[in-house]
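As a starting point, one isolated chain is supplied in structure tokens, in the form predicted on its own.
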């Protein structure tokens, strides 16, 4: 019996999903919107949320994980409640703007990029271009977008957040931050198919986690790719002229002696 996600979408979220269906050419093209939907529903995109998105959009979970890990704006469980994203691309980094903003965040919250506070309230990270290159530094805090965010404006904003949470800078400067780990280590177990390493994978469109091996295609054979033979020289690459052949030892790529010639 296949493992099902522990979480489920609310009836309101499912209604929104079905309202979108007619607006897109296919369900796969809805994936980014569906990820936003599950992010709003659960507060972040965790493993269960990715599995739900995969099922709703008819794609495998590896496809969903690829999108979630490619786009930095999706919120993951390791991120803080208040998530500072500081643009580190060239136009913001010039004249020390990015460094100044990061230094101010560290002075207030004790965080370097890639770290979160132990209580999970705040996190900080460098991200790529946030599309306001003429007004550096650009910072996003969750869904809020700020331009020229440094100096007194940034200090005042962080102080306001601290007050709202009943915290002080001194508390965080005395604490040890937590390093965020945003990697996806492995696919969920039930997405690895029995015998798949020996007989090949299903077509991308057929790779439904709830099919047993050999099921899921119109002709009764769900696997449409073959398994390539093992390399004779693992972890190496072919070299021109057969230099990996022991009989050619000591010769150059063109079969000539590797020594210098007059």
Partner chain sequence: MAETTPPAAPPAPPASEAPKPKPVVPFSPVILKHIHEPNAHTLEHYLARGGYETARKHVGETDPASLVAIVKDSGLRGRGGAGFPTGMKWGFLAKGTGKPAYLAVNGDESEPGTFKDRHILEKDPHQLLEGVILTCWAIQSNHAFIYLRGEFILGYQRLEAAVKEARAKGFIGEKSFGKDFPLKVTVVRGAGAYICGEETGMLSSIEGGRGYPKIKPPFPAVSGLFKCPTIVNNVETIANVTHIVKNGADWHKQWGTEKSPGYKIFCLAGAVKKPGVYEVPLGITMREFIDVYGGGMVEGRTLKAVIPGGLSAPLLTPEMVDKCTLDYESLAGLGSMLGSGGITVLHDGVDMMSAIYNTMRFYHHESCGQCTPCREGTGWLEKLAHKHHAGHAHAGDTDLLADVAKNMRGRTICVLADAAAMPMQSYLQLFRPEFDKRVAAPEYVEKGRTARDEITPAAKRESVTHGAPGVLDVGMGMDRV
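Because the structure is a prediction, the values reported are computed rather than measured. Residue numbers count along the first chain shown, from 1.
As for the form predicted together with the partner chain, it is not shown, yet the points below apply to it.
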property: 4.5 Å heavy atom contact, residue 81 and the partner chain in the predicted complex; result: no
property: 4.5 angstroms heavy atom contact with the partner chain in the predicted complex for residue 178; result: no
property: Contact flag, residue 113 vs the partner chain in the predicted complex, heavy atom cut 4.5 Å; result: yes
property: Non-hydrogen atom contact residue 148 with the partner chain in the predicted complex at 4.5 angstroms; result: yes
property: Candidate spot 91, 127 and 153, all three touching the partner chain in the predicted complex (heavy atom, 4.5 Å); result: yes
property: Stretch 61 to 93 - residues with a heavy atom within 4.5 Å of the partner chain in the predicted complex; result: 63, 66, 67, 69, 70, 71, 72, 73, 74, 88, 89, 90, 91, 93
